[in-house]
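We begin with a single chain expressed as structure tokens, specifically the form predicted alone.
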């Protein structure tokens, strides 16, 4: 296994995170923002206040895209630290495979499971008085999902010391993760908010799918980009000669 310093890993992770953030921002602009506009129109029709928003829609959209890129870079640095710590223990034969596996686990833990339990809602859905409660539920679910993922990884790692075929070790690790994730989804408290009657089901469904697509794009581009940046460039045959 080739040696990589922490600095080298973090530089590659940050660059891949920037690519991923830009890709996610484009998906947000093309797919998510139109759904937000539809929801804002419903919210405006419902509101009786003439107060203008602090920031206009153009500023909100541009700020959201910049924030998506910044969050992606920060998230990539965290994943880079984790990769540097557990690189030699990840069940893959190449750094590309290790990076892709870690990105998949990150998407499952940070994006997919919370989206299944607490799917994203467009503007106009959600009581401002329950923001703290919803935030605590969301963050604690992510923390618990990360613990389950780590437990499944430890089980797979422990089984590596036994003469089990790799497929059996992988199956046991996946089973532990699946049981743990299912238990979390069943036992974690439900969202305290209900969907207003004036929000169409089609708009709600489209917004949630669009939001998940944005996260899937971020993690997919990051995993592929990080893996490619970690892969050594092929040496031309003429240079070898």
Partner chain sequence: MAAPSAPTASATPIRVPVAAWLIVAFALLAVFVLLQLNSTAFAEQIHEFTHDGRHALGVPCH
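Quick caveat, the model's predicted, so the values are computed rather than measured. Residue numbers count along the first chain shown, from 1.
The discussion below concerns the form predicted in complex with the partner chain, not included here.
- Residues 13, 116 and 168 are none of them found to lie within 4.5 Å of the partner chain in the model of the complex, as judged by heavy atom distances.
- Screening 184, 70, 195, 203 for any heavy atom within 4.5 Å of the partner chain in the model of the complex leaves a single hit, 70.
- Interface residue among 81, 151, 112, 144, judged by heavy atoms within 4.5 Å of the partner chain in the model of the complex: 81.
- Proximity of residue 23 to the partner chain in the model of the complex falls outside the 4.5 Å heavy atom cutoff.
- At the 4.5 Å threshold, heavy atoms of residue 128 reach the partner chain in the model of the complex.
- Although the partner is absent here, residue 160 lies within 4.5 Å of the partner chain in the model of the complex, judged by heavy atoms.
- Looking at residue 188, you'd find every heavy atom of it more than 4.5 angstroms from the partner chain in the model of the complex.
- For the partner-free chain shown, 128, 131, 134, 135, 138, 139 of 128 to 144 come within 4.5 angstroms of the partner chain in the model of the complex, judged by any non-hydrogen atom.
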